[in-house]
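Quick heads-up: it's one chain on its own, the form predicted alone, in structure tokens.
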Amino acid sequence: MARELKKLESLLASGKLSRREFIKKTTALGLAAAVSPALFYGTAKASGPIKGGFFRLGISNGDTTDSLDPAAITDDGDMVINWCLRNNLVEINHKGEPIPELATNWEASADLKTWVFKLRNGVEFHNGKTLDSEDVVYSIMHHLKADSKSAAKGILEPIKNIKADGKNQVIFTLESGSADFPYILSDKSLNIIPAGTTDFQDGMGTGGYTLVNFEPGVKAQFKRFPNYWKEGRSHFDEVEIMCISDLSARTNALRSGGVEAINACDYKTIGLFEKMPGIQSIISTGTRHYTYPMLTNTAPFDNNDVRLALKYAINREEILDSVFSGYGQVGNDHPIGPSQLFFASELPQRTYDPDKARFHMKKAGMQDHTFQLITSHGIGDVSVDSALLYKEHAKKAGIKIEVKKAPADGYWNDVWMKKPWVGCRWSGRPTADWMFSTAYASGANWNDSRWENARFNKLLVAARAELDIAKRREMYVEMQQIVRDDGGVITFVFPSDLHAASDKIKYKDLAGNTQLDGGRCCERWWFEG
């Protein structure tokens, strides 16, 4: 494998292989994690940041129901906006590792049930208040309230107790051991807010920017916080984040100079940006994936033969090649990506098989049923095209799918987890435990298939506290197999994240744990001097 990677890198350097072809080949061979980021990300890396300028970002996600309440974060647009304003105890770096942010360090007991986090001294909120341990306790407990609908509630439920130990130390006691607990505290929802906060719309936090204006689903405006505690970050004088859901409008905004960067570029035309003067493409790979969740507590999706039939009826390779232009890797009906530590590479890849699809649908007695699949451009610009192609695949297996397009506005509140079968896009999570706890554990707020499996739930708890890496991997491999074969989610592709920006935008050590440099582009990027 090392020899093959070296050969591909040589072909790229000589110009005999395009960057698109390089990404496709390394991803297909499972080599992407070993590739130097510079080979993926273009030429925007620079030696050091420069302060100043007005940065405008066009993002694909935005909804009139958006809120600055950390417990209400649902998509990547909310994430980027909140990380302008706030920080977490823990941050994920460009290597996918948890590093201290508002915490300076942490220690765990031998059984991994007790975690002690020490806080930074002198960190200031935008209103002048000094951060202390009570703020941290309040911020975490905000997601654990009885009536909380926070996406983070499920991953925090293992917390048995949380208490302040003086002004600058917080102690977490867990129901069972968790080797990944620091990762959890980097979640996009777990921003630290002042204790007692009930009105979140002023965006109060310790982040690099203060809020100037927020219009949900339209735009958010910020200015640099002069007393920001983090050195070498938040370089722009002003930031404006605009919700531009239409791909053409977003692309034209960049080409005309209306914005300096955009996300969710067209997979078919991303290569053209490299040929445009003044514009660069920025490509990263990580944990993001597209899915079709089915409510397994609702007929006919309570029948696993129906679920298996629909899983065999989709041609993942054709969707990857036709809709995503080969940027990414096919999914195997579980949410752990090829770049992640415990990815089950030994599991056979589920492939398009109309005969097996027909067999399972006949076994379920649902050959004449028409399945309604609801999707929306609000999921991503490729979502409708993927669904329409899937419809044609299923037709060859005698399965009838009606694709219904829902409005982008309100999709996540009115359709997702409410209608029996829908489209979805996940940003993914850094660890297997985190992803499974968020969307597959029994009772998790974002278990969008309402799936229950006793063996899976037992393994989830056991793997979390297992220190033997080999034994832990065995558990996660079995869990991926259970989800693949019994779960209510079709996970069909792990696409690359495609961004484009003015060539005046510079960055260093781009993160791939989620799009837009781990969601922190406004803090990490700067303008060329």
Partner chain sequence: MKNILELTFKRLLLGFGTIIVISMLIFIGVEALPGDLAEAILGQDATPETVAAFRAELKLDLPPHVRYVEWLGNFLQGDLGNSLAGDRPIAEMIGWRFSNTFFLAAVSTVIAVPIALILGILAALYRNTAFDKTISIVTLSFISFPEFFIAYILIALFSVQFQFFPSIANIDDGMSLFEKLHSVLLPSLTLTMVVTAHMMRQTRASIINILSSEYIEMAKLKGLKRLRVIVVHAFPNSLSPVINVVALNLAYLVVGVVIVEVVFVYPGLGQLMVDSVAKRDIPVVQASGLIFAVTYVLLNLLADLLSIVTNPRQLNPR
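It should be emphasised that the depicted structure is a prediction, and the values quoted were computed from it without experimental measurement. Superpose the two forms; the largest set of C-alphas matching within 1.5 Å is the rigid core. Positions refer to the first chain, counted from 1.
The same protein has a further form, the form predicted together with its partner chain, not shown here; the description that follows concerns it.
Contact with its partner chain, judged by heavy atoms within 4.5 Å in the model of the complex, is confined among 178-186, 359-367, 238-246, 341-349 to 238-246.
Site residues 64, 74 and 446 are all in contact with its partner chain in the model of the complex, judged by any heavy atom within 4.5 Å. Of the candidates 353, 111, 414, 317, 414 is the one whose heavy atoms come within 4.5 Å of its partner chain in the model of the complex; the others do not. This chain lacks the partner; the member of 419, 149, 268, 163 within 4.5 angstroms of its partner chain in the model of the complex by a non-hydrogen atom is 149. Although the partner is absent here, residue 272 is not a contact residue: none of its heavy atoms lies within 4.5 angstroms of its partner chain in the model of the complex.
Using a 4.5 angstroms limit between non-hydrogen atoms, residue 224 is distant from its partner chain in the model of the complex. Shown alone here, residue 218 lies within 4.5 Å of its partner chain in the model of the complex, counting heavy atoms only. Residue contact check for residue 426: one or more of its heavy atoms lie within 4.5 Å of its partner chain in the model of the complex. Relative to the superposed core, residue 170 undergoes a C-alpha shift smaller than 2 Å between the shown form and the other one. The two forms, fitted on the rigid core, differ between the shown form and the other one by 2 Å or more at the CA of residue 445.
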